[in-house]
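Coming up is one lone chain in C-alpha cells, specifically the form predicted alone.
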C-alpha cells in the first residue's frame, strides 16, 4: 500500500512539533509532501522558523517548508505565548535552522500540489488556524473536490473552550476561515478538545519520551514539560493535553479514535461565542452532517504508538 500523501499546515507550538515528528517517523504510512506555516500560536516568522527546527531535529532538512498567511482573514491576530513561550517552542534548546524557507507562498504550494496529484490522493492536516486552507479553497475552488480529506485539530463541544469560555484556540483565531472550511464540502475529520483533553502527558508518559535517550526523545520530553506547567495549573489534570499529534495518530491508527458524523457550524457573529464549534452531537437539527467529530481516544494506545515511533528518529 502506498503511503498517504499529506501536507501539514501548522503554527508550531510544542504539540505541533510532536505531530510533525510522528509523521516523519512513519514514512511507510505517511508521505509528507511539505509543511505550510500559518500565524497562530506565535507570529508567522516564528512558526516558519520552528517548523524548520523540528525538521532538522528529526534529521530531515529535505522537507520543504513554506510560509503562508500572517494574519487571520478578518480579525486581528491572537497568539498564545502564555502557553507556548515567547518562541512558541520554549523548553528545549535547539539550534537555529540552517535549511531554507521555500520562496513559494504556502497557499500557492497547497493549490499547486493538489492540482498536480490525482484526485483523492492528498490529505490536508491543519494543526493551527485554518487561514491558509480557507485562502487556498477561496482562490482555487476546484481543489475541494480533489482532496481526499482534511484531518484537523480544532474545536470543542463537551469540553467547551480553552481560549474563551466557548471557543477552542485554533478556531477562535480565525473563525471566518474555519466557517469556510467546514462549509467547503471536503470530507472532514475533527480532533476537538473532547478528544485531546483525554490524551494527557502524565509523568510516566513524559519519562518514556525522555528514556528514549535520543535528541528527539529528550527534546519532546522538554517540550511537554514546558507547556505542562501551564496546562496542569489551568485544568487541574494529571498532565497536559497533547492536542496536535492526535491528527497524525489518526492517519496511522484510526481505530484509536471514535466519534460521530454530525453537522458542525462555526459561530462568527457573536463576540460572546465567537469561534464556537456548534456540533449537533445529538442530531437534533436537520442540518446535513459535514464532519466526523471525534469524541473518544484510546489514550494509552496513542502514547504507546507515539513513543514507539519517536524511537525511530
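Positions refer to the first chain, counted from 1. Bear in mind the structure is a predicted one, so any value in this text is a computation, not a measurement.
Omitted from view is the form predicted in complex with alpha-D-ribofuranose, to which the following refers.
A.B. asks: In the model of the complex, which of 114 to 122, 167 to 175, 130 to 138, 68 to 76 comes within 4.5 Å of alpha-D-ribofuranose (heavy atoms)?
C.D. replies: Going by heavy atoms within 4.5 Å, the stretch is 167 to 175.
A.B. asks: Please pick, from 200, 212, 193, 143, the one residue with any non-hydrogen atom lying within 4.5 angstroms of alpha-D-ribofuranose in the model of the complex.
C.D. replies: Contact with alpha-D-ribofuranose in the model of the complex is made by 193 alone.
A.B. asks: Although alpha-D-ribofuranose is absent from this view, report whether residue 106 comes within 4.5 Å of it in the model of the complex, heavy atoms only.
C.D. replies: Result no; residue 106 lies far from alpha-D-ribofuranose in the model of the complex.
A.B. asks: Taking 4.5 angstroms as the cut-off for heavy atoms, does residue 153 touch alpha-D-ribofuranose in the model of the complex?
C.D. replies: Residue 153: yes, in contact with alpha-D-ribofuranose in the model of the complex.
A.B. asks: Using a 4.5 Å heavy atom cut-off, state whether residue 248 contacts alpha-D-ribofuranose in the model of the complex.
C.D. replies: Output for residue 248 is no: heavy atoms all beyond 4.5 Å of alpha-D-ribofuranose.
A.B. asks: Contact between residue 36 and alpha-D-ribofuranose in the model of the complex at 4.5 Å, heavy atoms?
C.D. replies: Residue 36: no contact with alpha-D-ribofuranose in the model of the complex.
A.B. asks: Could you list the residues in 1 to 29 that come within 4.5 Å of alpha-D-ribofuranose in the model of the complex, counting only heavy atoms and keeping sequence order?
C.D. replies: 11, 15, 16 sit within 4.5 Å of the partner.
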